[in-house]
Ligand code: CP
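Single chain ahead, written as structure tokens, the form predicted alone.
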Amino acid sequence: MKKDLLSILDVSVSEMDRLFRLSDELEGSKKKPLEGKALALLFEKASTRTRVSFESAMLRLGGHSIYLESKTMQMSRGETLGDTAKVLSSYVDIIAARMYKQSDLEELGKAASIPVINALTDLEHPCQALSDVYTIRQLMDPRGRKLAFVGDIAANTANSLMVAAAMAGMEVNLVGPKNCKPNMEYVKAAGKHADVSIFSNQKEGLDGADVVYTDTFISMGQEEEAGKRRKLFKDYQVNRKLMSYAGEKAVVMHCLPAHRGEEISAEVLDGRQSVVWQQARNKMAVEKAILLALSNQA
């Protein structure tokens, strides 16, 4: 892999497969390959799963994590990202950054002399996408299968996931309102590996889907648009009716946190087709592999 994981586009098919094999190998391992190493968690955005899974992954590998909330750092008083990156590079061994802007993450990565991991930006969520595809691989052979992403098909999770799923051999359907346009850079990148189709009609978009995936309609930073976005996406809630278009064998995924009754109904989230909790558990497994790979310990 490259020094950093700033984008899903930094990962090749063979590297993704290697990460998944490593995730399997690390399951139940008591080895401490990162003993004495430190991970800085530099977060501008709130987090539950990403923060805890990274901290737990580092702990299980023998290392230590330092949580750095940007508003309590000198960044909040004007210190540049470049200066912050240079200082952190002298104290810790790797940085996982959760930031509002992809451009800021890239600035951080450029200045740092240690690996930087994208723990979410406005443009991407690559660690989430990798753990999602890892989960799908546990459930089925992804080659020739179909993933339908429903709702905000322009979101960061959609960008990373469509590429990762296509790299695994899955056909991808993006299902959202006509005036919600996906990022064509990622559609093009995914299209190099598998077919990507865009639908506004829910029944057509979910037809034959093996995996139905959704995410919040209101991402962090979009709170002022909440009313407008709820109206835009109201017909794309993943509920029993929409799931009937995919069929009884389809599984449901959501990266969480879920807004029950908004982008997904409670009965589907908690229903027998949901693999959401398995999906959440797998974040730590894949992040352990990422930490090892970027630390040149695998």
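This is a predicted model, so every value here is computed, not measured. Heads up: residue numbers just count along the shown sequence, starting at 1.
There is also a form predicted together with this ligand; it is not shown, and the following applies to it.
At 4.5 Å between heavy atoms, is residue 128 in contact with this ligand in the predicted bound form? Answer yes; at least one heavy atom of residue 128 falls within 4.5 Å of this ligand in the predicted bound form.
Do residue 257 and this ligand share at least one heavy atom pair within 4.5 Å in the predicted bound form? Yes.
Contact test in the predicted bound form: residue 50 vs this ligand, heavy atoms, 4.5 Å: Yes, contact at 4.5 Å.
Tell me, yes or no, whether residue 46 is in contact with this ligand in the predicted bound form, where a contact means a heavy atom of each within 4.5 Å. Heavy-atom contact with this ligand at 4.5 Å: present for residue 46.
Picking from 162-170, 190-198, 71-79, 120-128, which part of the chain touches this ligand in the predicted bound form when contact means heavy atoms within 4.5 Å? Going through the listed ranges, the match is 120-128.
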